[in-house]
Structures are given as C-alpha cells and as structure tokens.
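As a starting point, one isolated chain is supplied in structure tokens, in the form predicted alone.
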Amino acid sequence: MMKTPGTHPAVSFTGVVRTFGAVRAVDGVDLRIGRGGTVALLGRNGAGKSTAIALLLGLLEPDSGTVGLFGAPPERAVREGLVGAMLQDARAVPRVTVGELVAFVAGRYPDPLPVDRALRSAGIAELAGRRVDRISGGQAQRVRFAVALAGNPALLVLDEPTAALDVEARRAFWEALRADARDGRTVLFSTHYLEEADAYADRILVLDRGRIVADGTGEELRRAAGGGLVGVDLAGRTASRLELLPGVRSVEVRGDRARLRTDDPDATVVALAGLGAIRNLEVAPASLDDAFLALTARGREAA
C-alpha cells in the first residue's frame, strides 16, 4: 500500500526565497498542494522552476521561508521514501541491467513498490534484462520513471518527464501517471508541452520571475488571461480604438490583421459588426499557450 502519512498537505512553501547573487530565483513563494491529483508547473526558461523543484527535494536550502513535505523537512521526507523524483540530469549507470537498477533503488526504501510492478507501470517490463547504458533515450526516460516509482512514494516529482518520448510513449506514460493519481499519489510535474498540462493536470501553476503568477485549472487560466480570441482584417482601418470595445483586454496587429483578446467574444463581435469591421472574422477560444504568454507578459509589465 502507498504511504499516506498524517494530515499535512503534500507540499507547502511558506514565504520561500532563494537567491543566486542579485537574482531572486524564487521570490517569496507561498504554496499548498493537497494530497492526490496532478499538478503542472509551467514557466519560461529562467522562471524559477528548477530552483523550486530543487528546494522541494531538499537539494537546495531556502535563504528564508520554509519548505515542507507531508509536514516534514524535504530531506526527511525523501529519506523516509515519501518522495520519488525523475530529474532531467540523471545519468545512466554502466554495466547494470534495468531490472537490477530498479531493484537496487527499491531496496533503499522501507516500503518499496514490487520491482515488476514499477517496470510495468513505466512500460518497460520487457527491458528488465537490458543494460541501462545500451538503451535508447526514450527508453532511458522510462527507466527514470520506474526508478522514481521504486520507493512507492506518496509524492512524485517529475521534471520534463516526456522529453525524448515519441507520441505513443507519451500517451502510455500519461495513462500510467493517471492511474497513479487515481490511487491517491500526488504528482507534480514541470513541462514545456503546454497541451500536456492542459490535458492531464488537475491544477496548473505558472511561475514567472520566481513568483506564482497564476494558479488554477486550464480553463480558469484561459479565463484569467482573456477567454477568447477574435481576429479581423483591418482593411486599411486603424486599430487604435479597438482596445476600447466591450470585453477587449489587448489588441495585437500583424500586417493588416488585428487579433483581439477578449473576456466576452460575443459582445466584442457585436461591437465590431456595429463598426462594419468584421471582414474575414474569426472567433476562437484562447489556448493555454495564449493564456501562458498573456499571464507571463502581464507579470513582466507589472515588474
């Protein structure tokens, strides 16, 4: 059985700050992640994701504030087998088989997952007898996942977990991860594939300049950034007053075409029709990519 210690949240950050010289990589983060479910961590390169994960795993100490995992310091939670991690910079171990590696890691924990189950969950049961240094990059990524599962952790922390995986392997990976979340495991993952966060995360955190600038479901983030996009040809008109139309949050002009981000696409379209400005009209919901760009741009403007 998976360990479910105490009643504390799986992850807690309280006023956490971590600096590197003049750079505040994590800047006063307050965060609570409950037990169970899947949480995605998004951010541009340099936003603070890797630092936040290192703090969470006890690989770095905060300059101020506290980090807790199930109510314990990270190093203690890791030592007790409550946390499994899959990191980008892991290196292959030479001259051992996949099965031997997973068995070795499992043996370091008090209540490990059976090795065959960890291998099956990662989709690599057939690789048990293969040497770790003689498998493909995609297979090595799945071995890292099996290693993360080996201790039967209550919290899985995955840094870019589907990098190097093909489409079929990515789909199989997410199916396995969903099964783990249904069993009560808490999953926190970072990704550059925004469509994965939208499809598989119950909650999405957007980090920018070391701060959490958005926190919610994919739908909530799209609404927060402006729920729809309306495109029209300008046909020689000026775009200077389009931002005053009902619902419009921002206007982007590319050549002779305007793209309006709006909270109320219907009201925006009615207003455009009143102006006779609906040439080549296009209306679409905002994607998570659009929301991500808008939310991080807004944070930079505020700074």
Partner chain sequence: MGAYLRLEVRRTLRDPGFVIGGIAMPVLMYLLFTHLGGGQDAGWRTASMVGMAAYGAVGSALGTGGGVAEDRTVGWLRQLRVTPMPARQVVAGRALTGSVTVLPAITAVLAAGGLADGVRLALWQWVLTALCLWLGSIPFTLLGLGNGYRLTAQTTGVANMVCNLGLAVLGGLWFPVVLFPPWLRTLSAYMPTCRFAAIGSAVTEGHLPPIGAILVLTAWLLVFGAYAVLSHRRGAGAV
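Being a predicted model, the structure only gives us computed values, none of them experimental. Numbering follows the first chain given and starts at 1.
Form predicted together with its partner chain: not shown, discussed below.
Peer 1: Val251, Ala267, Leu234, Ala54: which sits within 4.5 Å of its partner chain in the predicted bound form by any heavy atom?
Peer 2: If I apply the 4.5 Å criterion carefully, the residue I get is Ala54.
Peer 1: Have a look at His192, Arg170, Arg131, Arg117 for me and say which one sits with a heavy atom within 4.5 Å of its partner chain in the predicted bound form.
Peer 2: The option sitting close enough to the partner is Arg131.
Peer 1: Flag this candidate site as yes only if Val96, Val105 and Arg108 all have a heavy atom within 4.5 Å of its partner chain in the predicted bound form; otherwise mark no.
Peer 2: Yes, each of Val96, Val105 and Arg108 comes within 4.5 Å of its partner chain in the predicted bound form.
Peer 1: Based on heavy atom distances of 4.5 Å or less, which listed stretch (97-105, 170-178, 194-202, 210-218) is in contact with its partner chain in the predicted bound form?
Peer 2: The contacting stretch is 97-105.
Peer 1: So, Ala150 and its partner chain: in the predicted bound form, are they within 4.5 Å at any heavy atom pair?
Peer 2: No, no contact at 4.5 Å.
Peer 1: Taking 4.5 angstroms as the cut-off for heavy atoms, does Gly228 touch its partner chain in the predicted bound form?
Peer 2: Residue-level check for Gly228: no, no contact with its partner chain.
Peer 1: With the partner left out of view, is Gly58 within 4.5 angstroms of its partner chain in the predicted bound form by any non-hydrogen atom?
Peer 2: Output for Gly58 is yes: heavy atoms within 4.5 Å of its partner chain.
Peer 1: Decide whether Arg79 counts as a contact residue for its partner chain in the predicted bound form under a heavy atom distance cut-off of 4.5 Å.
Peer 2: Contact with its partner chain, yes.
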